[in-house]
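As a starting point, one isolated chain is supplied in structure tokens, in the form predicted on its own.
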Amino acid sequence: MTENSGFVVDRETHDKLVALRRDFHRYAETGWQEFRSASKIVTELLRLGWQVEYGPDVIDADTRMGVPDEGILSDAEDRAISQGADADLVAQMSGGFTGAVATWDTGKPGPTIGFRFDIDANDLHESTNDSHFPASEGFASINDGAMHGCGHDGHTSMGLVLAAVLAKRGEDFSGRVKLIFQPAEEGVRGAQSMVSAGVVDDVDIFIATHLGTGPELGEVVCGAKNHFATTKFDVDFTGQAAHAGVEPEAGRNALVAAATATVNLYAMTRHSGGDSRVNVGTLSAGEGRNVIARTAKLRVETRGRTSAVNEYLFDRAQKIVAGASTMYDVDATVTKVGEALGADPSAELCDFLHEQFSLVEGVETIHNTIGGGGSDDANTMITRVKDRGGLGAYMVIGTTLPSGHHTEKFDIDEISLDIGLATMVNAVINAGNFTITSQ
């Protein structure tokens, strides 16, 4: 199925990976605000000769979730242009349509292999301590409150260098390659809108990749399994303010409704179909100690080991919210701001990726599959591909972590970029010899 030797990342290619990763790290942008990142991605892909679609062409407006308000988006556009983004491209992505899809068609028979690269940063203030490598080396984020604390800067750099490598080796592979640069993975907000836009409907083999998440440098996973399906939602309660001492009966207390909902969300009956989680991350309410609270807001998430378990939890959560609002005669609005399905990897694709990893320098331990603990909306793409008869897997590239994901001192060992890139190149070159026999 594979050739005898795999792709080797030379010094020039490694340096390009590092330079791009550090550039994206320095100019970190959070979900739906990745205007500079997306501009740089599109510009480079066009330069390399790829067919590129971006903006509203690859993102369905009606199924986006958790989009910031217009003022925040406008400020992000202006900032991106001031930091070197192409103003015309930013204008075409205005409103937060910061995704891009690149296609290379060899004109030769073969499968369509798609790769997902998430491009957004976290809502984090990055450490400026000299013990933090990006700070000591001068590429810590300059955008306040935005930091690549989950490795997406590395994912994006691998995607662009993969595009460069393949553009030079078009005669070495067959079929088609699609590179999907997805905004707003954090909060699982972006994938559904790209799925709804049809970007994976023609994909036969789908691969998402993540750096870290547990495995050490030299350790890799062909297909992570048991990611939680999840729904993120906000609940807004609206009641009636009143003087708490003079006329409390005239008020309708949104705070008490929110507190009641919170307690009962944690008391939800669990599902026998698998592990489940519920968390109320924030409760904000009220205006003063002597005022019956007119408004309250909850930020909540449910997680289920399967999509069915998560759907059960979200349905129960909505009923709990409705009950609390009725009890205290307040209005309640539930707004879904993020969602990801659960999906396990395709076994035969894991076997294929095992062979590709085996050809890569620096890989010491290969797991065909291993359990994951978080959530990622790449699984929404995997589900779509599998539902249409294709194969999907979520690769993990181990790396040394000085601090955990989503922390102010998160960093990666940049050698892991070489491992990820080499594996993807191998997969593309050898995909023509891979026959899909089952889901």
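For every residue, the number given is its place in the sequence shown, counted from 1. Because the structure is a prediction, the values reported are computed rather than measured.
We do not show the form predicted in complex with another copy of the chain, though everything after this point is about it.
The stretch in contact with another copy of the chain in the model of the complex, judged by heavy atoms within 4.5 Å, is 272-280, chosen from 118-126, 85-93, 272-280, 104-112. Of the heavy atoms in residue 286, some are within 4.5 Å of another copy of the chain in the model of the complex.
Proximity of residue 327 to another copy of the chain in the model of the complex: non-hydrogen atoms within 4.5 Å are present. In the model of the complex, no heavy atom of residue 169 sits within 4.5 Å of another copy of the chain. Proximity of residue 262 to another copy of the chain in the model of the complex falls within the 4.5 Å heavy atom cutoff. Exactly one listed residue, out of 323, 362, 145, 198, brings a non-hydrogen atom to within 4.5 Å of another copy of the chain in the model of the complex: 323. None of 316, 367, 132, 79 but one reaches within 4.5 angstroms of another copy of the chain in the model of the complex through a heavy atom, and that residue is 316. In the model of the complex, the residues of 222-239 lying within 4.5 Å of another copy of the chain by at least one heavy atom are, in order, 228, 232, 233, 234.
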